[in-house]
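What follows is one chain in structure tokens, specifically the form predicted on its own.
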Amino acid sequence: MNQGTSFLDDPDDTREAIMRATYVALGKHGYSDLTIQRIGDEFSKSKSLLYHHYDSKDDLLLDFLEFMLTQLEEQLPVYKDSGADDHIQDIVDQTFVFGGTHTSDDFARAILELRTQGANDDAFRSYFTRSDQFVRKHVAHTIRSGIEQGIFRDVDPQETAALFQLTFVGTMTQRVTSDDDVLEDARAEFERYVRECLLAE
């Protein structure tokens, strides 16, 4: 859920530099107004490299999404030094914060635009299906561990993880598509669910 951004400050190689340029341009222009030329405007190296590596805007964006999924896998919080309950709270925090700051708001809007491409494009649908499955697997593993630790009730880890994942997508959608400020109330109710239905007495 955390859209890891360590590559933004110090890209290690040409691909990371391309990914950084794509991240910045996507946040500025959104999907519909994004072009390889505009990505090139944010790229510190020769623009010809973009055309050498990618045949189209969508080709580049799909590689960008794969890159971001790898970043997500590497930067999701771990709970080696704390209990699963603390880890779940970290996940709740990220669920309701994503897209809620000035720096990430445009990016969250752009990611939602990319997600909607899955309605008509199998490649985008395949990516977001795998991304959703990864998030659910991670949350389910945390819940399963919490049950084993005696921290969580004996809930169904897969069903509970599905609720977390859909809450994340719904929260992002609400934040970037509506001015109806319901997220504070939604978070309060979701945290009540965690306290009363997930945490063991």
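Note that residue numbering follows the sequence shown and begins at 1. Computed from a predicted model, the values in this text were never measured in an experiment.
Same protein, other form: the form predicted together with another copy of the chain, not shown, and the subject of what follows.
For a residue to qualify, one of its non-hydrogen atoms must sit within 4.5 Å of another copy of the chain in the predicted bound form; none of Arg15, Thr35 and His138 qualifies. Interface residue among Ile151, Val169, Leu49, Leu69 relative to another copy of the chain in the predicted bound form, by the heavy atom within 4.5 Å criterion: Val169.
With a 4.5 Å cutoff on heavy atoms, Thr142 does not count as touching another copy of the chain in the predicted bound form; it lies far away. Although the partner is absent here, Phe107 sits far enough away that none of its heavy atoms falls within 4.5 Å of another copy of the chain in the predicted bound form.
Interface membership of Cys197, defined by any non-hydrogen atom within 4.5 Å of another copy of the chain in the predicted bound form, is confirmed. Residue contact with another copy of the chain in the predicted bound form: Val176 places a heavy atom within 4.5 Å of it.
Contacts to another copy of the chain in the predicted bound form (heavy atom within 4.5 Å) from stretch 13-33: none.
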